[in-house]
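The chain that follows stands alone, in the form predicted on its own, written as structure tokens.
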Amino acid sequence: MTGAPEPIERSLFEAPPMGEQERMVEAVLFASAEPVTLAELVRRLPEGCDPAEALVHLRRRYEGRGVNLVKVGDAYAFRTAGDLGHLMRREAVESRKLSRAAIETLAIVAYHQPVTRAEIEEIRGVAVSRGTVDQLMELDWIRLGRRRMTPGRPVTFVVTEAFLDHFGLESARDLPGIKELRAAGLLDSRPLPMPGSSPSEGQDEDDDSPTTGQSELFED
């Protein structure tokens, strides 16, 4: 004679229905001033919740709306739909512009990351001043990356999630190509310094002369 089947053990705390999980994720993202990672959502939601699935449902639900759920690096945030961005433009003119040196340095980091200072200087053909790097780091558009496993273990630079968020990019792979930037008028036709060109003796970058056109790309 066989015994009765053993009862199935259940968690003392069952996960809320998926609809409720969506509401929780929505509330966290809406209240957060910064993009929120999946790991952070897992920590905040009750045990047993599946924030990854909730994000998929939320992303679909907000498609075509005035606000979209977007991925920024490894995090998620609500952002104004791209085609409605013109409604959010401020009329006040911002006087701060990046110099050509800063723009070129930022572009090299974005397209070649992780990249060392020596590699930036090799591509630009001029020395990179400390002020240029400090300015980009103060804007939170570049940060220190891992050190290279080469003699001297030089530090590398990479773009930040704040940079991706500012330009509406999910990752650095979504950066437009040089031809697209020039077609949009964001780069002039003057060729950029090529790798292998060495700085002239005593030559340094000019951090005090913002460029025309290119500076608008990184203008706040």
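Throughout, we count residues from 1 along the sequence that is shown. Predicted model only: the values in this text are computed from it and were never measured.
What comes next is about the form predicted in complex with another copy of the chain, which does not appear here.
J.: Quick one: does V133 come within 4.5 Å of another copy of the chain in the model of the complex, counting heavy atoms only?
T.: V133: contacts another copy of the chain in the model of the complex.
J.: I'd like to check something about D83: if you look in the model of the complex, is any of its heavy atoms closer than or equal to 4.5 Å to a heavy atom of another copy of the chain?
T.: D83: yes, in contact with another copy of the chain in the model of the complex.
J.: When the contact criterion is heavy atoms within 4.5 Å, does K71 count as touching another copy of the chain in the model of the complex?
T.: Flag for K71 set to no.
J.: Taking heavy atoms only, is E26 within 4.5 angstroms of another copy of the chain in the model of the complex?
T.: Yes - in the model of the complex, heavy atoms of E26 and another copy of the chain come within 4.5 Å of each other.
J.: Considering only 120 to 159, what residues come within 4.5 Å of another copy of the chain in the model of the complex, judged by heavy atoms?
T.: Read in sequence order, the residues that approach another copy of the chain (within 4.5 Å, in the model of the complex) are R130, G131, V133, D134, M137, R143, L144, G145, R146, R147, R153, P154, V155.
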